[in-house]
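Quick setup: one chain, the form predicted on its own, written in C-alpha coordinates, and binding and motion questions come after.
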(Lines give C-alpha, C1' and ligand atoms only; values in the text may rest on other atoms or scores of the structure.)
Protein backbone atom coordinates (compact mmCIF):
# COMPACT_ATOMS: atom_id res chain seq x y z
CA UNK A 1 0.00 0.00 0.00
CA UNK A 2 1.16 3.52 -0.75
CA UNK A 3 2.61 5.74 1.95
CA UNK A 4 0.54 8.93 2.17
CA UNK A 5 3.33 10.87 3.81
CA UNK A 6 5.95 10.25 1.16
CA UNK A 7 4.07 10.41 -2.14
CA UNK A 8 6.30 9.80 -5.14
CA UNK A 9 3.94 11.20 -7.74
CA UNK A 10 4.08 10.59 -11.48
CA UNK A 11 0.90 11.59 -13.27
CA UNK A 12 0.15 11.98 -16.97
CA UNK A 13 -2.82 14.31 -17.39
CA UNK A 14 -4.66 14.98 -20.65
CA UNK A 15 -4.17 18.72 -20.12
CA UNK A 16 -1.62 21.08 -18.60
CA UNK A 17 -1.88 21.60 -14.86
CA UNK A 18 -1.10 25.26 -15.43
CA UNK A 19 -4.74 25.65 -16.47
CA UNK A 20 -5.92 24.57 -13.02
CA UNK A 21 -6.10 26.87 -9.97
CA UNK A 22 -3.67 26.10 -7.16
CA UNK A 23 -6.45 24.90 -4.87
CA UNK A 24 -7.78 22.30 -7.35
CA UNK A 25 -8.09 18.75 -6.05
CA UNK A 26 -8.49 15.44 -7.79
CA UNK A 27 -11.05 13.29 -5.96
CA UNK A 28 -13.01 10.07 -6.21
CA UNK A 29 -12.23 6.81 -7.96
CA UNK A 30 -9.02 7.90 -9.67
CA UNK A 31 -7.40 8.79 -6.34
CA UNK A 32 -8.72 5.64 -4.69
CA UNK A 33 -7.53 3.39 -7.51
CA UNK A 34 -4.12 5.07 -7.68
CA UNK A 35 -3.61 4.50 -3.96
CA UNK A 36 -4.59 0.86 -4.40
CA UNK A 37 -2.01 0.43 -7.15
CA UNK A 38 0.99 -1.67 -6.09
CA UNK A 39 3.43 0.39 -8.17
CA UNK A 40 6.00 2.48 -6.32
CA UNK A 41 4.48 5.60 -7.80
CA UNK A 42 1.10 7.25 -7.43
CA UNK A 43 -0.09 6.86 -11.03
CA UNK A 44 -3.27 7.22 -13.06
CA UNK A 45 -1.39 7.02 -16.35
CA UNK A 46 -1.46 3.20 -16.30
CA UNK A 47 -5.12 3.26 -17.30
CA UNK A 48 -5.96 2.91 -20.96
CA UNK A 49 -8.81 5.42 -20.58
CA UNK A 50 -8.74 8.00 -17.82
CA UNK A 51 -11.84 9.01 -15.89
CA UNK A 52 -10.88 11.91 -13.63
CA UNK A 53 -12.80 14.16 -11.25
CA UNK A 54 -11.62 17.55 -10.01
CA UNK A 55 -13.06 19.82 -7.35
CA UNK A 56 -12.36 23.54 -7.78
CA UNK A 57 -12.93 26.28 -5.18
CA UNK A 58 -14.61 28.54 -7.77
CA UNK A 59 -15.34 28.99 -11.50
CA UNK A 60 -15.45 25.25 -12.19
CA UNK A 61 -17.52 25.59 -15.37
CA UNK A 62 -15.43 28.52 -16.58
CA UNK A 63 -12.19 26.55 -16.12
CA UNK A 64 -13.69 23.51 -17.87
CA UNK A 65 -14.74 25.66 -20.86
CA UNK A 66 -11.26 27.16 -21.05
CA UNK A 67 -9.58 23.76 -21.05
CA UNK A 68 -12.01 22.36 -23.63
CA UNK A 69 -11.46 25.35 -25.91
CA UNK A 70 -7.67 25.21 -25.53
CA UNK A 71 -7.51 21.54 -26.54
CA UNK A 72 -10.49 21.58 -28.92
CA UNK A 73 -12.05 18.91 -26.73
CA UNK A 74 -15.72 18.15 -26.14
CA UNK A 75 -17.57 20.16 -23.50
CA UNK A 76 -20.75 19.13 -21.65
CA UNK A 77 -22.49 21.21 -18.98
CA UNK A 78 -23.72 18.48 -16.63
CA UNK A 79 -25.31 20.57 -13.88
CA UNK A 80 -25.47 24.37 -14.19
CA UNK A 81 -26.93 24.80 -10.68
CA UNK A 82 -24.15 22.89 -8.91
CA UNK A 83 -21.60 24.00 -11.52
CA UNK A 84 -20.45 20.66 -12.86
CA UNK A 85 -19.02 20.31 -16.36
CA UNK A 86 -17.29 17.60 -18.37
CA UNK A 87 -14.43 17.81 -20.85
CA UNK A 88 -14.07 14.84 -23.20
CA UNK A 89 -10.64 14.06 -24.62
CA UNK A 90 -9.82 11.19 -27.01
CA UNK A 91 -8.41 9.09 -24.15
CA UNK A 92 -9.96 10.71 -21.09
CA UNK A 93 -13.11 12.12 -19.55
CA UNK A 94 -12.54 14.84 -16.96
CA UNK A 95 -15.30 16.25 -14.73
CA UNK A 96 -14.92 19.60 -13.01
CA UNK A 97 -17.18 20.42 -10.06
CA UNK A 98 -17.58 23.42 -7.82
CA UNK A 99 -16.44 22.72 -4.27
CA UNK A 100 -19.30 21.95 -1.92
CA UNK A 101 -18.85 24.06 1.21
CA UNK A 102 -16.10 26.41 2.31
CA UNK A 103 -13.23 23.91 2.16
CA UNK A 104 -12.17 20.70 0.48
CA UNK A 105 -12.61 18.95 3.83
CA UNK A 106 -16.26 20.03 3.93
CA UNK A 107 -16.71 18.77 0.38
CA UNK A 108 -15.23 15.38 1.24
CA UNK A 109 -17.55 15.02 4.24
CA UNK A 110 -20.52 15.16 1.84
CA UNK A 111 -19.44 12.19 -0.25
CA UNK A 112 -20.58 8.57 -0.12
CA UNK A 113 -17.82 6.29 1.22
CA UNK A 114 -14.56 7.04 2.97
CA UNK A 115 -12.45 5.39 0.25
CA UNK A 116 -13.93 7.85 -2.24
CA UNK A 117 -13.39 10.85 0.06
CA UNK A 118 -9.65 11.30 -0.42
CA UNK A 119 -8.40 14.39 -2.27
CA UNK A 120 -5.09 14.95 -4.04
CA UNK A 121 -3.62 18.32 -5.01
CA UNK A 122 -1.61 17.83 -8.23
CA UNK A 123 0.29 21.09 -7.68
CA UNK A 124 1.56 20.38 -4.16
CA UNK A 125 1.18 16.56 -4.15
CA UNK A 126 -0.74 16.97 -0.90
CA UNK A 127 -3.25 14.27 0.05
CA UNK A 128 -6.27 15.26 2.15
CA UNK A 129 -7.84 12.34 4.02
CA UNK A 130 -10.06 13.67 6.85
CA UNK A 131 -12.21 10.51 7.04
CA UNK A 132 -9.45 7.88 7.24
CA UNK A 133 -10.25 6.58 3.78
CA UNK A 134 -6.70 5.36 3.36
CA UNK A 135 -7.06 3.13 6.41
CA UNK A 136 -10.25 1.66 4.91
CA UNK A 137 -8.38 1.03 1.66
CA UNK A 138 -5.87 -1.00 3.66
CA UNK A 139 -8.74 -2.87 5.32
CA UNK A 140 -10.36 -3.30 1.87
CA UNK A 141 -13.62 -2.06 3.30
CA UNK A 142 -16.52 0.10 2.08
CA UNK A 143 -17.53 2.37 4.96
CA UNK A 144 -20.16 5.09 4.67
CA UNK A 145 -19.48 8.63 5.75
CA UNK A 146 -23.00 8.92 7.17
CA UNK A 147 -26.51 7.50 6.64
CA UNK A 148 -27.66 11.02 5.69
CA UNK A 149 -25.19 11.09 2.81
CA UNK A 150 -26.55 7.80 1.50
CA UNK A 151 -30.11 9.08 1.77
CA UNK A 152 -29.21 12.29 -0.09
CA UNK A 153 -28.56 10.18 -3.21
CA UNK A 154 -30.02 6.68 -2.73
CA UNK A 155 -28.12 5.37 -5.76
CA UNK A 156 -25.17 5.30 -3.35
CA UNK A 157 -26.89 2.31 -1.73
CA UNK A 158 -26.40 0.32 -4.94
CA UNK A 159 -22.90 1.69 -5.50
CA UNK A 160 -21.74 0.10 -2.27
CA UNK A 161 -22.32 -3.35 -3.79
CA UNK A 162 -20.96 -2.46 -7.20
CA UNK A 163 -17.74 -0.96 -5.83
CA UNK A 164 -17.29 -3.79 -3.34
CA UNK A 165 -17.53 -6.19 -6.27
CA UNK A 166 -15.15 -4.21 -8.48
CA UNK A 167 -12.55 -3.67 -5.76
CA UNK A 168 -12.84 -7.00 -3.98
CA UNK A 169 -13.86 -5.21 -0.75
CA UNK A 170 -16.30 -6.02 2.03
CA UNK A 171 -19.03 -3.69 3.33
CA UNK A 172 -18.60 -2.51 6.91
CA UNK A 173 -21.30 -3.76 9.32
CA UNK A 174 -22.85 -0.38 10.24
CA UNK A 175 -22.88 0.60 6.57
CA UNK A 176 -24.68 -2.64 5.67
CA UNK A 177 -27.25 -1.97 8.40
CA UNK A 178 -27.82 1.58 7.16
CA UNK A 179 -28.28 0.37 3.57
CA UNK A 180 -30.94 -2.10 4.67
CA UNK A 181 -32.80 0.57 6.63
CA UNK A 182 -32.71 2.99 3.68
CA UNK A 183 -33.46 0.43 0.95
CA UNK A 184 -36.98 1.74 0.26
CA UNK A 185 -35.48 5.03 -0.95
CA UNK A 186 -33.99 3.32 -4.02
CA UNK A 187 -37.27 3.94 -5.87
CA UNK A 188 -36.53 7.69 -5.72
CA UNK A 189 -33.64 7.16 -8.15
CA UNK A 190 -34.14 7.48 -11.90
CA UNK A 191 -34.51 3.99 -13.39
CA UNK A 192 -31.70 4.45 -15.91
CA UNK A 193 -29.21 5.15 -13.11
CA UNK A 194 -30.23 1.95 -11.31
CA UNK A 195 -29.93 0.03 -14.59
CA UNK A 196 -26.30 1.11 -14.97
CA UNK A 197 -25.45 -0.28 -11.53
CA UNK A 198 -27.32 -3.53 -12.24
CA UNK A 199 -25.42 -3.96 -15.50
CA UNK A 200 -22.10 -3.59 -13.69
CA UNK A 201 -23.15 -6.34 -11.27
CA UNK A 202 -24.19 -8.68 -14.09
CA UNK A 203 -20.91 -8.41 -16.01
CA UNK A 204 -18.76 -10.93 -14.19
CA UNK A 205 -18.98 -13.94 -11.91
CA UNK A 206 -17.26 -12.24 -8.96
CA UNK A 207 -20.11 -9.68 -8.92
CA UNK A 208 -22.85 -12.31 -8.67
CA UNK A 209 -22.70 -12.66 -4.85
CA UNK A 210 -23.02 -8.90 -4.58
CA UNK A 211 -26.10 -8.52 -6.78
CA UNK A 212 -27.60 -11.39 -4.80
CA UNK A 213 -26.88 -9.56 -1.55
CA UNK A 214 -28.37 -6.37 -2.97
CA UNK A 215 -31.60 -8.29 -3.64
CA UNK A 216 -31.52 -9.86 -0.16
CA UNK A 217 -31.18 -6.34 1.28
CA UNK A 218 -34.35 -5.25 -0.63
CA UNK A 219 -32.67 -2.96 -3.15
CA UNK A 220 -33.77 -4.87 -6.25
CA UNK A 221 -37.25 -6.09 -5.35
CA UNK A 222 -38.95 -2.96 -6.81
CA UNK A 223 -37.33 -3.64 -10.19
CA UNK A 224 -37.53 -7.45 -10.39
CA UNK A 225 -40.89 -8.07 -8.73
CA UNK A 226 -41.15 -11.70 -9.83
CA UNK A 227 -37.63 -12.71 -8.80
CA UNK A 228 -37.05 -15.16 -5.96
CA UNK A 229 -34.02 -16.53 -4.14
CA UNK A 230 -34.05 -19.33 -6.75
CA UNK A 231 -33.84 -16.70 -9.52
CA UNK A 232 -30.64 -15.30 -8.04
CA UNK A 233 -29.25 -18.78 -7.43
CA UNK A 234 -29.57 -19.28 -11.19
CA UNK A 235 -27.10 -16.43 -11.75
CA UNK A 236 -24.35 -18.55 -10.22
CA UNK A 237 -25.46 -21.43 -12.40
CA UNK A 238 -25.21 -19.20 -15.47
CA UNK A 239 -21.64 -18.26 -14.52
CA UNK A 240 -20.68 -21.89 -13.92
CA UNK A 241 -22.28 -23.22 -17.10
CA UNK A 242 -20.77 -20.45 -19.20
CA UNK A 243 -17.33 -21.68 -18.10
CA UNK A 244 -18.18 -25.35 -18.71
CA UNK A 245 -19.66 -24.71 -22.16
CA UNK A 246 -16.70 -22.49 -22.99
CA UNK A 247 -14.34 -25.34 -22.15
CA UNK A 248 -16.12 -27.62 -24.65
CA UNK A 249 -16.85 -24.92 -27.22
CA UNK A 250 -14.29 -22.14 -26.92
CA UNK A 251 -15.96 -20.02 -29.58
CA UNK A 252 -19.25 -20.13 -27.69
CA UNK A 253 -17.48 -18.86 -24.58
CA UNK A 254 -16.06 -15.97 -26.61
CA UNK A 255 -19.46 -15.07 -28.01
CA UNK A 256 -20.99 -14.99 -24.53
CA UNK A 257 -18.54 -12.22 -23.62
CA UNK A 258 -19.35 -10.14 -26.72
CA UNK A 259 -21.53 -7.05 -26.45
CA UNK A 260 -25.08 -7.11 -27.76
CA UNK A 261 -24.06 -4.16 -29.91
CA UNK A 262 -21.08 -1.82 -30.04
CA UNK A 263 -23.32 0.91 -28.65
CA UNK A 264 -24.89 -1.36 -26.00
CA UNK A 265 -22.31 -2.47 -23.44
CA UNK A 266 -24.26 -5.51 -22.24
CA UNK A 267 -22.84 -8.97 -22.91
CA UNK A 268 -24.81 -12.01 -24.05
CA UNK A 269 -23.91 -13.59 -20.73
CA UNK A 270 -25.63 -10.66 -18.98
CA UNK A 271 -28.67 -11.21 -21.21
CA UNK A 272 -28.86 -14.80 -19.95
CA UNK A 273 -28.67 -13.54 -16.37
CA UNK A 274 -31.38 -10.93 -16.93
CA UNK A 275 -33.61 -13.66 -18.32
CA UNK A 276 -33.30 -15.43 -14.95
CA UNK A 277 -34.47 -12.36 -13.02
CA UNK A 278 -37.51 -11.26 -15.02
CA UNK A 279 -40.89 -12.92 -15.38
CA UNK A 280 -40.65 -16.01 -17.63
CA UNK A 281 -43.53 -14.66 -19.72
CA UNK A 282 -41.77 -12.65 -22.48
CA UNK A 283 -44.51 -10.00 -22.61
CA UNK A 284 -44.34 -9.35 -18.86
CA UNK A 285 -40.54 -9.42 -18.98
CA UNK A 286 -40.58 -6.79 -21.71
CA UNK A 287 -42.57 -4.42 -19.49
CA UNK A 288 -40.16 -4.96 -16.59
CA UNK A 289 -37.14 -4.19 -18.76
CA UNK A 290 -38.80 -1.16 -20.35
CA UNK A 291 -39.32 0.31 -16.88
CA UNK A 292 -35.59 -0.07 -16.27
CA UNK A 293 -34.97 1.73 -19.60
CA UNK A 294 -33.18 -1.18 -21.26
CA UNK A 295 -32.62 -0.72 -24.99
CA UNK A 296 -34.70 -2.46 -27.64
CA UNK A 297 -31.73 -4.70 -28.49
CA UNK A 298 -31.35 -5.81 -24.86
CA UNK A 299 -35.07 -6.38 -24.41
CA UNK A 300 -35.26 -8.38 -27.64
CA UNK A 301 -32.32 -10.49 -26.49
CA UNK A 302 -33.99 -11.41 -23.20
CA UNK A 303 -37.49 -11.96 -24.60
CA UNK A 304 -36.19 -14.03 -27.53
CA UNK A 305 -34.25 -16.30 -25.18
CA UNK A 306 -37.38 -16.75 -23.04
CA UNK A 307 -39.52 -17.53 -26.10
CA UNK A 308 -37.07 -20.13 -27.41
CA UNK A 309 -36.46 -21.91 -24.12
CA UNK A 310 -39.67 -24.04 -24.25
CA UNK A 311 -38.70 -25.30 -27.72
CA UNK A 312 -35.45 -26.68 -26.36
CA UNK A 313 -37.36 -28.58 -23.70
CA UNK A 314 -39.23 -30.57 -26.37
CA UNK A 315 -38.04 -33.76 -28.00
CA UNK A 316 -35.49 -33.59 -30.82
CA UNK A 317 -36.43 -31.01 -33.43
CA UNK A 318 -36.77 -31.79 -37.12
CA UNK A 319 -34.55 -29.98 -39.63
CA UNK A 320 -37.49 -27.75 -40.50
CA UNK A 321 -38.04 -26.89 -36.81
CA UNK A 322 -34.32 -26.28 -36.34
CA UNK A 323 -34.29 -23.92 -39.32
CA UNK A 324 -37.06 -21.77 -37.85
CA UNK A 325 -35.45 -21.97 -34.41
CA UNK A 326 -32.19 -20.51 -35.69
CA UNK A 327 -34.03 -17.93 -37.79
CA UNK A 328 -35.57 -16.56 -34.60
CA UNK A 329 -32.54 -17.07 -32.36
CA UNK A 330 -29.89 -15.33 -34.45
CA UNK A 331 -27.24 -13.70 -32.25
CA UNK A 332 -29.25 -14.59 -29.12
CA UNK A 333 -28.38 -18.29 -29.42
CA UNK A 334 -25.37 -18.28 -27.01
CA UNK A 335 -27.50 -16.77 -24.22
CA UNK A 336 -30.30 -19.22 -25.03
CA UNK A 337 -27.92 -22.19 -24.85
CA UNK A 338 -26.66 -21.22 -21.38
CA UNK A 339 -30.20 -20.53 -20.20
CA UNK A 340 -31.26 -23.98 -21.42
CA UNK A 341 -28.71 -25.95 -19.37
CA UNK A 342 -29.41 -23.76 -16.33
CA UNK A 343 -33.04 -24.90 -16.68
CA UNK A 344 -31.95 -28.55 -16.54
CA UNK A 345 -31.87 -29.29 -20.26
CA UNK A 346 -29.08 -31.80 -20.89
CA UNK A 347 -25.98 -30.51 -22.64
CA UNK A 348 -26.14 -33.59 -24.87
CA UNK A 349 -29.57 -32.48 -26.07
CA UNK A 350 -28.40 -29.10 -27.31
CA UNK A 351 -24.86 -30.05 -28.34
CA UNK A 352 -25.90 -30.65 -31.99
CA UNK A 353 -27.45 -27.18 -32.08
CA UNK A 354 -24.30 -25.61 -30.63
CA UNK A 355 -22.21 -27.38 -33.25
CA UNK A 356 -24.51 -26.09 -35.99
CA UNK A 357 -24.43 -22.53 -34.67
CA UNK A 358 -20.64 -22.46 -34.49
CA UNK A 359 -20.27 -23.86 -38.02
CA UNK A 360 -20.52 -20.93 -40.47
CA UNK A 361 -21.11 -23.38 -43.35
CA UNK A 362 -24.08 -25.08 -41.73
CA UNK A 363 -27.16 -24.40 -43.88
CA UNK A 364 -29.63 -24.98 -41.04
CA UNK A 365 -28.22 -22.27 -38.75
CA UNK A 366 -26.60 -20.09 -41.42
CA UNK A 367 -28.58 -20.61 -44.65
CA UNK A 368 -27.18 -19.41 -47.97
CA UNK A 369 -30.12 -18.50 -50.28
CA UNK A 370 -30.20 -20.31 -53.61
CA UNK A 371 -32.29 -17.50 -55.10
CA UNK A 372 -33.02 -13.87 -54.44
CA UNK A 373 -36.54 -12.53 -54.39
CA UNK A 374 -35.92 -10.66 -57.63
CA UNK A 375 -34.69 -13.80 -59.39
CA UNK A 376 -37.81 -15.68 -58.29
CA UNK A 377 -40.09 -12.89 -59.48
CA UNK A 378 -38.49 -13.02 -62.95
CA UNK A 379 -38.44 -16.81 -63.15
CA UNK A 380 -42.08 -17.31 -62.14
CA UNK A 381 -43.35 -14.01 -63.56
CA UNK A 382 -45.10 -13.14 -60.32
CA UNK A 383 -45.49 -9.77 -58.53
CA UNK A 384 -43.85 -8.92 -55.21
CA UNK A 385 -46.25 -10.03 -52.50
CA UNK A 386 -46.39 -11.93 -49.18
CA UNK A 387 -46.52 -15.10 -51.30
CA UNK A 388 -42.98 -14.38 -52.49
CA UNK A 389 -41.68 -14.47 -48.92
CA UNK A 390 -43.44 -17.78 -48.27
CA UNK A 391 -41.96 -19.33 -51.41
CA UNK A 392 -38.43 -18.21 -50.44
CA UNK A 393 -38.94 -19.67 -46.98
CA UNK A 394 -40.07 -23.02 -48.35
CA UNK A 395 -37.10 -23.06 -50.72
CA UNK A 396 -34.75 -22.54 -47.76
CA UNK A 397 -36.40 -25.35 -45.78
CA UNK A 398 -36.26 -27.70 -48.78
CA UNK A 399 -32.57 -26.85 -49.13
CA UNK A 400 -31.72 -27.76 -45.52
CA UNK A 401 -33.76 -30.96 -45.87
CA UNK A 402 -31.64 -31.92 -48.88
CA UNK A 403 -34.51 -31.86 -51.37
CA UNK A 404 -32.90 -29.20 -53.57
CA UNK A 405 -29.37 -27.86 -53.99
CA UNK A 406 -29.23 -25.68 -57.12
CA UNK A 407 -30.98 -22.50 -58.33
CA UNK A 408 -32.65 -24.48 -61.11
CA UNK A 409 -34.07 -27.01 -58.65
CA UNK A 410 -35.20 -24.13 -56.44
CA UNK A 411 -37.13 -22.53 -59.31
CA UNK A 412 -38.75 -25.83 -60.25
CA UNK A 413 -39.66 -26.45 -56.61
CA UNK A 414 -41.16 -22.98 -56.25
CA UNK A 415 -43.10 -23.35 -59.51
CA UNK A 416 -44.59 -26.58 -58.31
CA UNK A 417 -45.69 -24.92 -55.06
CA UNK A 418 -47.03 -21.87 -56.90
CA UNK A 419 -49.01 -23.81 -59.46
CA UNK A 420 -50.11 -26.48 -57.06
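Residue numbers count along the first chain shown, from 1. Because the structure is predicted, anything quoted here is derived from the model rather than measured.
The same protein also exists as the form predicted together with a small molecule; that form is not shown, yet it is the one meant from here on.
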query	finding
Stretch from 390-398, 366-374, 351-359, 26-34 whose residues place a heavy atom within 4.5 Å of the small molecule in the predicted complex	26-34
Listed residue that, although the small molecule is not shown, lies within 4.5 Å of it in the predicted complex (heavy atoms), from 298, 112, 136, 217	112
In the predicted complex, the one of 175, 267, 304, 116 near the small molecule [non-hydrogen atom within 4.5 angstroms]	116
Site check 206, 234 and 240: each within 4.5 Å of the small molecule in the predicted complex by heavy atom	no
Proximity of residue 159 to the small molecule in the predicted complex, heavy atoms at 4.5 Å	yes
4.5 Å heavy atom contact, residue 153 and the small molecule in the predicted complex	yes
Close approach of residue 193 to the small molecule in the predicted complex, 4.5 Å, heavy atom	yes
Contact flag, residue 199 vs the small molecule in the predicted complex, heavy atom cut 4.5 Å	no
